[in-house]
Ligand SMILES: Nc1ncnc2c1ncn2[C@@H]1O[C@H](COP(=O)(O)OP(=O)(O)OP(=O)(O)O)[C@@H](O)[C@H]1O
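Here you get one chain, nothing else, as structure tokens; it is the form predicted on its own.
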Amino acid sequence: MNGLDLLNIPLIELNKELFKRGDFDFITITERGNNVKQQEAFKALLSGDVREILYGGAAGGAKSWTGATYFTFMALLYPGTRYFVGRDKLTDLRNATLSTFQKVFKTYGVHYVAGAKGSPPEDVDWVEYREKDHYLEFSNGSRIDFIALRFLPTDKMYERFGSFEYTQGWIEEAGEVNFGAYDVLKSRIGRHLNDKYGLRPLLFITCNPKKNWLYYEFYTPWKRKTLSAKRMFIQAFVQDNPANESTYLEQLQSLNDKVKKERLLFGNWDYDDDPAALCEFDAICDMFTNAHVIAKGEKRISADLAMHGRDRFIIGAWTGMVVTIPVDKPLAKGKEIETDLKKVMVARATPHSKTVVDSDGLGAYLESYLVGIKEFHGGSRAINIKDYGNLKSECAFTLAAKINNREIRVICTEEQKQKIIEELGVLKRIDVDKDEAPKKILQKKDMKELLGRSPDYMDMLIMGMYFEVYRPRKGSTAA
């Protein structure tokens, strides 16, 4: 093909061919330089065995541009395919994500039909946004659906996505998105023309650092080098993207809020700007190195019980504010729980009256055999009913205060440490903006949504505060 022929080829046709060949320079290279992280992301998106790619980790890394460009060219190259891009709110998709798509169309030569004004041109690749049903329709029959991923109390299992069938998908600003939406959407990709075109069921995820399922499912395993071979995390910073406006880095550097600056400029996942969080992240980490907290004082036991098929059976053995975990197992029978608890009580010289267990039915069972142990009813009245909504919330706030004041030391394995850090990260207050309301913590079912598992270590630590908040009067019984 000579130079004259090339000049007569439409820009979009040249770009489609380059993209199909895996030559992404026309996207990643600008007059200011090459975005190497973006190159890495496109290569992973177009080849290999990875099924889930998390891209981002700081502001300004070209996350949205990468997603919009990738799905635009996939829709153009593979007629009839279907994709989704999801965010928490539909308004954010229309106001922000659609705007990015429109810039991509203009940059790479895709004819965008704005509204329903006239007929689209013939023999030209075009795309139109169908505002009523919220999707981008391409001239070759492909489409990209815009879907709202907000958690709805009337649809806790995200059944509204149950009949959707997509080729691939993109979760944008995933820090705002509930774990349940992510979990369900994984099952909706790879179901539309994938075999015909030899396409993987690929889920692309973009985000800034956030202490939710992204942290536990991707960032922590990546940091430990245990991330599944089917997953990839590409951490991109503002400095990686030469296409940013020249003042953007300066704007991030000028942020006064320390947490926002850590997250958005430095891509630090270990800072949480959630005002509902009870525990400071640094204080949680210090729990495991607080050597100044001496194992001295009253011996106590707090146990989170579990029968076969239910969460974990965990015993915390306390001496003052130092706690160890002598029992930690996933499966246990009633008699085994009773035996293990007795052994720890004897070995630690801990009386029945200083042992507390959760009251999910097993507590009552154990109390009949271990007379005098305390049965923890988290939903019962708080001791300080003016300030707290229930006993568990009062114990949780007491625990958080001691953690933040560096008054607790936890001695455990590295694996237990990581799980405790994760679980205390979802110890949050509800109705944080209601100053007059009694303090309550996030419900356990919501914590499970965020973690993807039950917060059993945290429950054991919360119950350990029972004896700190409960001072039985003469003749009274345990709460």
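Small disclaimer: the values here were computed from a predicted structure and weren't measured. Start at 1 with the first residue shown and count on from there.
Same protein, other form: the form predicted in complex with this ligand, not shown, and the subject of what follows.
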| message | So this ligand isn't shown here. In the predicted bound form, which residue out of V426, A62, A41, L54 has a non-hydrogen atom within 4.5 Å of it? | response | A62
| Sole residue of A243, V344, V322, L227 within 4.5 Å of this ligand in the predicted bound form, by heavy atom | A243
| field | Listed range touching this ligand, judged in the predicted bound form by heavy atoms within 4.5 Å, from 44-52, 408-416, 25-33, 443-451 | value | 25-33
| task | Using the partner position in the predicted bound form, report whether Y108 sits within 4.5 Å of this ligand, counting heavy atoms only. | result | yes
| Looking in the predicted bound form, any heavy atom of E173 within 4.5 Å of this ligand? | yes
| query | Using heavy atoms and a 4.5 Å limit, would one call Y248 a contact residue for this ligand in the predicted bound form? | reply | yes
| said: Even though the partner isn't displayed, in the predicted bound form is N208 close enough to this ligand, meaning a heavy atom within 4.5 Å? | reply: yes
| note | Taking this ligand in the predicted bound form and a 4.5 Å non-hydrogen atom cutoff, the residues of 132-151 making contact are none
